[in-house]
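A lone chain, given as structure tokens: the form predicted on its own.
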């Protein structure tokens, strides 16, 4: 799992049937920028928890995704792991 910040969204006029109704967010995690399937209604500026790899696909009903936003994190107060 990774922690990141939502920086934007991706719009697709057409997508695979298994992705119908799915929204996608651009998330920056360190120096990496990912497109992640949003499972929790996150928005720009939110700190989020990302599932990556095959666990991400499980959160998305086995859809072919590499990253999924699975939680919106509380404010950083007390966070030590930078």
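Remember, it's a predicted structure, so these values are computed and weren't measured experimentally. Numbering follows the first chain given and starts at 1.
The form predicted in complex with a further copy of the same chain is left out here; the points below concern that form.
Among heavy atoms of residue 5, none comes within 4.5 Å of a further copy of the same chain in the predicted complex. In the predicted complex, a further copy of the same chain sits within 4.5 Å of a heavy atom belonging to residue 53. Heavy atoms of residue 41 reach within 4.5 Å of a further copy of the same chain in the predicted complex, making it an interface residue. For the partner-free chain shown, 1, 3, 9, 10, 11, 12, 13, 14, 15, 16 of 1-16 come within 4.5 angstroms of a further copy of the same chain in the predicted complex, judged by any non-hydrogen atom.
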